[in-house]
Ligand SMILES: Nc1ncnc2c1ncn2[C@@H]1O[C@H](COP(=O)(O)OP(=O)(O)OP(=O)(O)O)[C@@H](O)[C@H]1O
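Just the one chain here, the form predicted alone, laid out as C-alpha cells.
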C-alpha cells in the first residue's frame, strides 16, 4: 500500500511533532485534564491509552486546536494554535471517534469538498482524492452517498478526510472502531507508512494488541493525567509474573525474606482462603526460572506460574500504570 510523501517533512528536524505543557481543562466540576505534560516525537507513532473518561479525547481536541485549555500551552511542530490556529490546521489532520459527514454527497464529493476547505485547488485535489480512494479501499464506494456507508466504511472515509491535505501530524481517535480484520491490518500498514515518510501520528484506541504492532511509543492517561510513558521499541525493563500458591502467606514470606516486592491479585470470587496469587516483576525468563527454583527449594506449594497478562507489553504497561495510579 503506497502513501504519498508528505509535503515539507524533515526527519532530521529536532522539533517535536506535538508538545503540551501544564495543560488543564475543566468542564464544570469535572477536571478533564490535570496539568498534563506530553511530548510526541516527530516522525513516529505514539499510542495514547487509558480508561474511558480519563481525558484522552479532551487532550486530542486541545492538540487539534478545537478546544482551549484553561492553563498551559500546546505546540504543533513548534506552532502555537492559540496564535496561529489556521497554521496548525494546515499542519494537522484530525480524525474524531464520531464525526459528521455530508450525508447527501458521494464519497468522492465529500473528499473533494474537504480538499477545497483545506485550500487545495482542483488540479491538486483530484489526484489526491483518487489516491486516497485507492489507498483506503474506498474506490468501489466512491460514487455512493455517504449516508449509506457502514460504520467501518465511514471510519475509512474519516481517515481519508483527515489525510486529504497531506498533513505532517495526524491525531486519530479510535480509528479502528468498526473496522473488519482486513481493514485493521491495512490501517496499521497505512499508519506505519505515513510515519516512515516523516508524519507524526498520535493514535488512541482500546485495541491494545493492534496498537502495539503499530506504535513506537505509548502514553498512558488516567484521571486527567499522564501516568506513564514508554518506548515500545526498547527492551522491556521488567516482566510481570503471576505466582499462585496453595499457601499465599508462605509465598509472601519467602518473597519478603529475599526483598522481592509483590502485588496481591484479587480473588475471582472474593475469598481465596489460604490460597492466593501475587504478581512479581522479573527481569526476564531466566529471572522467572530462578524465582520458581527459589519457591520450590522452600517448599512453597505453587499451583500456577506464568506471565500476569496474556496480552503484550503495551497491555502489561497499561494495567501496571493504571493499577499503581489507583492503589
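Numbering follows the first chain given and starts at 1. Just so it is clear, the model here is predicted, and its values are computed rather than measured.
This protein has a second form, the form predicted in complex with the named molecule, left out of what is shown; the following refers to that one.
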Using heavy atoms only and a 4.5 Å cut-off, determine which of 131, 97, 186, 216 is in contact with the named molecule in the model of the complex.
97
From 47, 62, 40, 54: within 4.5 Å of the named molecule in the model of the complex by heavy atoms is 54
Only one of these stretches, 295-303, 27-35, 258-266, 282-290, has heavy atoms within 4.5 Å of the named molecule in the model of the complex; which one is it?
27-35
Report whether the minimum heavy atom distance between residue 73 and the named molecule in the model of the complex is within 4.5 Å.
no
Report whether the minimum heavy atom distance between residue 174 and the named molecule in the model of the complex is within 4.5 Å.
yes
is_contact(residue 206, the named molecule) in the model of the complex, heavy atom dist at most 4.5 Å:
yes
